[in-house]
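Consider the single chain below, provided in structure tokens and representing the form predicted on its own.
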């Protein structure tokens, strides 16, 4: 029987098959890169807020402790947002006529909360508790970065499952003394692993990596 297809068809077929594999691998690689890019994670992208609140000014400049505004961070799953009365404690006397702070004054007059845009937003199927991390010696800057150097707040960590598990599996590399939890410029010592192993035992820290730890 005469040959129907030219021999070059075999070459084209092989090239098509191998080409499809490489194209598929390329798509997967691009998806992997995009999923970890600031476009998805929003790392380093400052959030627009009703009032351009500067952590750099209030924390580094004025020396305010995190708990001055985030009052429930040690006892609740949520760090909490300060009521307008907290802002007005100072701003009824300082910059009381600033146009930039008019939304704060309006909130105080109307008793309507300011609608801040969340910087860290976890999916609804993820459970996270601030208090347990704080009380186990995980510092604010470990997740939120150098907030004291941020004129506008941005996300410092991707908050993806892979990132969380890295800490849960190697907690001795991140745990610090409880007295230093709110210290923004904290630098791990050279013997961090040895210190971490000691603190893990002292604070009874468990390496929780089961799915139900966060997905309840």
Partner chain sequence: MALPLLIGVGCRTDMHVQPRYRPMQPSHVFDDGRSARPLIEGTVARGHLRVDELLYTGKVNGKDSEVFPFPITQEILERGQQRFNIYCVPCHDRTGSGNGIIPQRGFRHPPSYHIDRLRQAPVGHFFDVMTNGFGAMYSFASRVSPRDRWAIAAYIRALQLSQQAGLNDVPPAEQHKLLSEGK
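Numbering follows the first chain given and starts at 1. All values derive from a computational prediction rather than experimental measurement.
The same protein also exists as the form predicted in complex with the partner chain; that form is not shown, yet it is the one meant from here on.
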{"query": "Non-hydrogen atom contact residue 94 with the partner chain in the predicted bound form at 4.5 angstroms", "finding": "yes"}
{"query": "Partner proximity in the predicted bound form: residue 185 to the partner chain, non-hydrogen atom cutoff 4.5 Å", "finding": "no"}
{"query": "Proximity of residue 109 to the partner chain in the predicted bound form, heavy atoms at 4.5 Å", "finding": "no"}
{"query": "Residue 163: touches the partner chain in the predicted bound form, heavy atom cutoff 4.5 angstroms", "finding": "no"}
{"query": "Stretch in contact, per heavy atom within 4.5 angstroms of the partner chain in the predicted bound form, of 32-40, 63-71, 165-173, 145-153", "finding": "63-71"}
{"query": "Heavy atom distance at most 4.5 Å to the partner chain in the predicted bound form, all of 85, 88 and 123", "finding": "yes"}
